[in-house]
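Shown below, as structure tokens, is a lone chain in the form predicted alone; questions about how it binds or moves come after it.
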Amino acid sequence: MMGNWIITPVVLPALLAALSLFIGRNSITVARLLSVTGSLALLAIALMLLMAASEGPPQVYRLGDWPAPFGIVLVLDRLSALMLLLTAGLALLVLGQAIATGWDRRGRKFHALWLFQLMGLNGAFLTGDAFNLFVFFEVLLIASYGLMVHGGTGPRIRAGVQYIAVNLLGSTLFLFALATIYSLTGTLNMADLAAKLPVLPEGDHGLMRAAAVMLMLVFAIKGALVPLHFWLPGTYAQAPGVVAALFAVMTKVGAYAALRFGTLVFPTDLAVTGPLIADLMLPAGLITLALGSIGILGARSLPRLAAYAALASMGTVFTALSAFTPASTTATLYYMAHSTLAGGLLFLVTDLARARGGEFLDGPDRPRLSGRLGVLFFLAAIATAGLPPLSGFPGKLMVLQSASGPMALVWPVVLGGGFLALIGLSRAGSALFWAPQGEAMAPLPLSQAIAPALLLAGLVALTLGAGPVQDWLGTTAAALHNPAPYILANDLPGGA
């Protein structure tokens, strides 16, 4: 039993962020020490929690020892543990890149914002209460906005304003949805909702369906799903590369929340909502995937290309998720892990190229990509396009294999999107490798190649271990579609 360890991923970065503001604001060395130490500790804790979640049923931490649904609860299960590990691993590597490239020197509060961002991510993955999911969404919003505009002016500020305006709209919609749900059920604890919705009076079904749609719209904003995707390309293209790389896992919060609610609170066999959520999610996911792939094809700069690649990956995630079957959930989780690592890698490589004058794909006297950076871009492109031998290939294969019935529409869109992405990435590679007339880009120091190389190693490990990973994710998916142990762990009043 993990006991108090469950709250550590939330409390630890919050405490270190406060320390960074007070004792690290005038010393970059102290701030770095706090962030690196905290990130290493979070990775170790995430590994420990993953092993604990793999060996037993869900575990609940009750703040103040108040029982659900009256108190705040954090719930550790296989899904939340997986997301904690993915976040901690990506954050540690990207933080190392921020230090190696000096991005963290461009603002005194970078490390405090970074730690608050980790607090919000970890809290969102662990919370068992819908209102506290809203709270952690707001922590994410504030910290990510600060990181987004970090050391920037002009276009970055404008993109940041658009980003925060759209997300504030989502926050307002979230509150409306929560108020509606609470008025109908008297609870916002997710396990309690799962127990009460099947016996909700028929006269309240219409309002609950409206609340469910509002919630999914909020998750669509967080996950950049059409038609609420328009904030992502500009935001990610203008953000510092290391920040955009961390954002590769932030968009997964929307998919995580949709998966959690879609399997626990609003399953497809629930009389109140039925397959409503799945029916809305599938076309939106397919259109998002298509638009992202077209964006890759038409991008005129590397940051824009990487942003549209992130959009296409979210379309693939939501497309796979929309079936809400154990097989499709397994494919979703595998592809989420792959796209997080691949997206982080592409954003880091893009940032390194941009720092050397290789941001744009057209124009005279462009520097030529070569050496270590050239190899990293080539491998990042393979991972992004979903080509063998990297993990994007088995990931897309799982998505295609999990499609059935109406989901057969997935095949042409996924394959066509991959083809467009391949053309767009090949065009970018040609522009960077062969078309430039200028000098070769400045050599890439080894220190700045370590984090991208480790992300690439993660993709290789995900590929080589595809079989065991798929088995573990299959067990996780089966647990998600059988929420009885999750509900039982909350020890609800009346034995619900």
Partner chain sequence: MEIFVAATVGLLTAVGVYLMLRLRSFPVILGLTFLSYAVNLFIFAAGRIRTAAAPIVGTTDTPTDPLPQALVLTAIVISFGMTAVIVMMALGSYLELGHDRVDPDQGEDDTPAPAGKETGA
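Residue numbers count along the first chain shown, from 1. Note that this is a predicted model, so its numbers are computed, not measured.
We do not show the form predicted in complex with the partner chain, though everything after this point is about it.
By the criterion of a heavy atom within 4.5 Å, T180 is counted among the residues contacting the partner chain in the predicted bound form. When contacts are judged by a 4.5 Å heavy atom cut-off, T325 does not count as touching the partner chain in the predicted bound form. Contact between W103 and the partner chain in the predicted bound form is found at the 4.5 Å heavy atom cutoff. Using a 4.5 angstroms threshold between heavy atoms, P227 stays clear of the partner chain in the predicted bound form. Only one listed stretch (262-270, 301-309, 381-389, 249-257) carries heavy atoms within 4.5 Å of the partner chain in the predicted bound form, and that stretch is 301-309.
Note on contacts: among V135, V375, L415, V213, the single residue with a heavy atom within 4.5 Å of the partner chain in the predicted bound form is V135. Interface residue among K396, K196, R156, R78 relative to the partner chain in the predicted bound form, by the heavy atom within 4.5 Å criterion: R156. For the partner-free chain shown, R158, V161, Q162, I164, A165, L168, L169, T172 of 158-172 come within 4.5 angstroms of the partner chain in the predicted bound form, judged by any non-hydrogen atom.
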